[in-house]
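This document contains two forms of one protein chain, each encoded as structure tokens and listed individually as structure 1 and structure 2.
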Structure 1
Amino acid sequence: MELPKSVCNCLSRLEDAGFACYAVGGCVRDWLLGLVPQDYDLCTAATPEQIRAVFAGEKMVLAGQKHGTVGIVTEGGVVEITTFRTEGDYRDNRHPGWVKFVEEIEGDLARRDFTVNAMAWSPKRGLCDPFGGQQDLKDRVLRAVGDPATRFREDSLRILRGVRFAVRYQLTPEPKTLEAMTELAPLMGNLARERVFEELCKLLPLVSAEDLKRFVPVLAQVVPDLKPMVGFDQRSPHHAYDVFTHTAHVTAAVPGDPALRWAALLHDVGKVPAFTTDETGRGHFYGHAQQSAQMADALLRQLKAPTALREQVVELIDMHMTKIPAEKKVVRRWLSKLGLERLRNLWCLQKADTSSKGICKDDELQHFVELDTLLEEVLAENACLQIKDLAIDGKDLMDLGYSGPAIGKALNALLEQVLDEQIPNDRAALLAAVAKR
């Protein structure tokens, strides 16, 4: 493995001082897969005090020292070095009661979650792989280190991490690991909601429809609204899929932006409670967009999602059934209302929704091509979309004798007229329109 210079230097300095040091975890896994590692973690036999002594005089980050991690500030960024350690006595399925430094790398690797993450490498000693991670990577197998049930009881976040690694590297959990993941998934209820949310945010952008289907028994433990959707027959001529299969396809079809992925995942959760049948037996879901938006709001609050993301998701879901006719004036109004990014996101969701019904909808998809064309036209016009884009401002109105709230009211009315193409956005025309009021 070719280590970045800054990482290699840190490793050599520890080795020169007589302490074994390895690159460990994700970077070894990614290297063996032929991928470029996102970051490099080092682990060593040196205790934090010894690490500090070796790097005396360098800038260090000591916030993680208690857990054995010292960060060395280098030209290439902070290099994190962690003392070999084991952990034990997990409380509430999440926190170790104690952390103990150990002298051998094998002890450190044994505390790690999956075999593919429990490998270390050093230029001097080569690969250290006591749990067969390299073979599991070759076979595309996700396997817990040690007894899966014990490991997931220690820290149930590992279950969600397992889903993420399985999805990211197309691994299949071996039977015992899968069984423990599924059976112990309810323990994730003991985790801090923020950790669950954060893990889901990492996972969602990576999933395919098939991934969602294979892991829904686990995911439904943290997103309970998914459960009743599985197998839910829509009894609709517009849908070939049950609600969850449709949802899985929509989620995979939107771009990997977390807000869009969350919106896609939850856009139809309200279909189950909103379901009715008519006298012919056909299914309807009146008001399901609003119902889904409410449920998504409740779930994301419960998961302590950041307010901005929650609001974005809820808005997208709330509007996902809103038909936007392919007319320039209408597109301009929507652009004025939502801004470019939110409007594009809404169309992404609607397009994915349309294309994921299991029934070919070419004419409906053509509609989005037309909307995109119109949007490009509106953007090219540099159209007036906001009050600040108007060719006159509040000061002009004050000169005409306006004051207080009347100014904002008049400007809003002018913007409406400009958006409707009743008057052009030029100074003379706007002033004339004000004079007429």
Structure 2
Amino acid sequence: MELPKSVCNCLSRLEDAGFACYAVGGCVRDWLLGLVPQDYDLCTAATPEQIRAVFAGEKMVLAGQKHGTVGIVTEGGVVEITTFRTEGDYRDNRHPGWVKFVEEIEGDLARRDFTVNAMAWSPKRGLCDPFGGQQDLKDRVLRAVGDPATRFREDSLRILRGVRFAVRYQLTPEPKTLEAMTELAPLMGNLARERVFEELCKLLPLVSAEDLKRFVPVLAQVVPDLKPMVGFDQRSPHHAYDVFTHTAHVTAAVPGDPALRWAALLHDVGKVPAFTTDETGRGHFYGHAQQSAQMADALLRQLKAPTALREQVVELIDMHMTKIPAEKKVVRRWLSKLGLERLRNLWCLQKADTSSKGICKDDELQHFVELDTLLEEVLAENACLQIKDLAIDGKDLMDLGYSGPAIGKALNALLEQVLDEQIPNDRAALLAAVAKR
């Protein structure tokens, strides 16, 4: 493994001082997979006091010192160095009741979550892999270190992390690990919602429809609104899938942008409570978009999602059933209302929703091609979309005797007329229209 210069220098200084030191965890896993590691962690036989002595005179980050971690500030960023340790007595499924420093790397690796993350590498000693992580990587297997139930009771977020590792690295959980992940998933209810949200945001951009269907027993523990959707028959000639299978396909069909993925995952959570049938037995979901938006808003508030993301997701869900005719005047008005990014995101969600029904007519998707064509035409025309784009401004109206709120009302009225193509965005035409008011 070729370590960054700053990491290599830290490792060498500890080795030169007589303390064994290894690169550990994710960087070793990614290296063995032929990937470029995004970050590097070191572990060492040196205690925190000894690490501080080795790096005396250097700027350090000591917030994690009581758990054995000292951060060394280098030109390449902060390099975290942790003393070999074991830990136990996890009373809250998250924090260890005690931490004990140990002398050998094997004791440290034994406390880690999965075998693929329980490997260490040293330039002097090579690969340390006491639990067969390298072979599991070759076999594409996700296996907990030791007893899976013990690992997940120590920190239940490991269950959700396991889903992410399985998805990202195309690993299949071995039976005992998968069984423990599923049975102990309710323990994730003890986790801070911010930690759950952060982990879900890492996972959602990676998932395929098959991933979502495979791991929904776990995911439904942290997104409980998904559970009623699984297997729910829509009883509709427009849908070949149950509500959750449709949702899984929609989620996989949108780009990996967090807001789009969240909107896709939650866009139909209101279908089950909104479900009704007519006299023929056909299913209907009147008002489900608005109900889904309300449920998504409540869920994202519980998960402590950032306000901007939550509002974007709720808006997309609320509007996802809105029909936008393929007319330039209509497209221009929607572009004025939402702006380019929000409008494209809405169409992206609507297109994924349409194409993921399992029954989709060609003309339904052709509609979005027509909308995109019209949008490009409007953009090429540099059309007037906002008050600031009008050929006259508030000063012109003041010169005509307007004042106070009347100025804003007049400008808004002019913009509406321009958007409806009643008058051109021409200075003379606008002034003439104002004179008629």
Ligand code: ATP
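Being a predicted model, the structure only gives us computed values, none of them experimental. If you superpose the two forms and keep the largest set of C-alpha atoms that fall within 1.5 Å, you have the rigid core. Throughout, residue numbering runs from 1 along the sequence of structure 1.
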| remark: The form predicted in complex with this ligand? Structure 1
| field | residue 409: Cα shift of 2 Å or greater between structures 1 and 2 (core-aligned) | value | no
| query | Once the two forms are fit on the core, has residue 60 moved its CA by at least 2 Å between structures 1 and 2? | reply | yes
| message | Aligned on the rigid core, do the two forms place the Cα of residue 14 2 Å or more apart, comparing between structures 1 and 2? | response | yes
| task | Superpose on the rigid core and then read off how far the CA of residue 49 has moved between structures 1 and 2, in Å. | result | 3.8
